[in-house]
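Next up: a single chain in structure tokens, the form predicted on its own.
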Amino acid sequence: MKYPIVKRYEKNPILKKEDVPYPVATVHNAGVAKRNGKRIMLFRSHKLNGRSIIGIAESNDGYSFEVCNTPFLTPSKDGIFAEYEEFGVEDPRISFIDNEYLITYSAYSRHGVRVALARTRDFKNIERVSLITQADSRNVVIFPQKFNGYYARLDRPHTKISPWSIHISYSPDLIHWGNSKVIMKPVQYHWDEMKIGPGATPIKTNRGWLNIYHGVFSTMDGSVYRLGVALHDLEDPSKIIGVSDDWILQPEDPWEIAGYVHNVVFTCGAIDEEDGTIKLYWGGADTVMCVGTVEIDKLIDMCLNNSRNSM
């Protein structure tokens, strides 16, 4: 396998705090989607008080983004969402299914972190649907397809009994989720041994669902966040066909090594293109947004021919 797997865009970073027309300290961890020939990016920013909001930007080519004048999602002022979004909204993921865009995001409050679900058809009008996890849980991505009539999601609940692991859950209505089970765990003394979690919305290929996830390794200088890839069965996404033993991206550029949180590449979104590649978007050091391209066949090959155990 020829390295690097992910080819970084030569003009990274593609989005910085200076590109945002309202005061923010960071731009990172963005979900992305296609709509009417454009690329939509929902990005997280720290306000100058340290709490997070979600902004929106558009692009014709997936590289040059223009940020809208106002944020897309800020903590709610109404009802149950106001209580559970009090400390900020973070790390959106986008899934297109049933002719609408489902947006999962982390909601922070004095009660911990839960995942909330919203929906939109036009990225102008947004409807909050439900808080779909208990505390503490993060990193929920919904598959862009139903399985036997059920929605499916990957998530990462927190537990002290076992390292942070990837679970799968199902729902008939997007509100009530169950039949949960763990399907992938960190590996001891491996690049993702500390914790793993779902990253980008799974991408459907002819060999399976590609799950680009993040993995964390603890060092004497703190944690290092890298990206890896797993391949799930097309008909039963709870079955993992393979998990690449190697990472696909690690912090290397200066804006990935140093920033708000150093040594971090973290993805919440990727787009499959017609030429057999994926545009992969990641936050660098929790400070800027970056993009790169990777061949789908290379990711599949890593999962099939250089696989570690999933559990």
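Position 1 is the first residue in the sequence shown; the rest follow in order. Note that the coordinates shown come from a computational prediction; the quantities given were computed from them, not determined experimentally.
One more form of this protein, predicted together with a small molecule, exists but is not displayed; see below.
Enquirer: At 4.5 angstroms, heavy atoms only, are Asn29, Arg138 and Val261 all close to the small molecule in the model of the complex?
Expert: Yes, all three are in contact.
Enquirer: In the model of the complex, does Tyr225 have a heavy atom within 4.5 Å of the small molecule?
Expert: Contact with the small molecule, yes.
Enquirer: Could you confirm whether Arg114 comes within 4.5 Å of the small molecule in the model of the complex, counting heavy atoms only?
Expert: Contact with the small molecule, no.
Enquirer: Even though the partner isn't displayed, in the model of the complex is Asp91 close enough to the small molecule, meaning a heavy atom within 4.5 Å?
Expert: Because a heavy atom of Asp91 falls inside 4.5 Å of the small molecule in the model of the complex, the answer is yes.
Enquirer: Counting only non-hydrogen atoms and a 4.5 angstroms cut-off, does Phe43 reach the small molecule in the model of the complex?
Expert: The answer is no: Phe43 has no heavy atom within 4.5 Å of the small molecule.
Enquirer: Looking at heavy atoms inside 4.5 Å, which stretch does the small molecule contact in the model of the complex, given the options 61-69, 262-270, 243-251, 31-39?
Expert: Looking at the other structure, the answer is 262-270.
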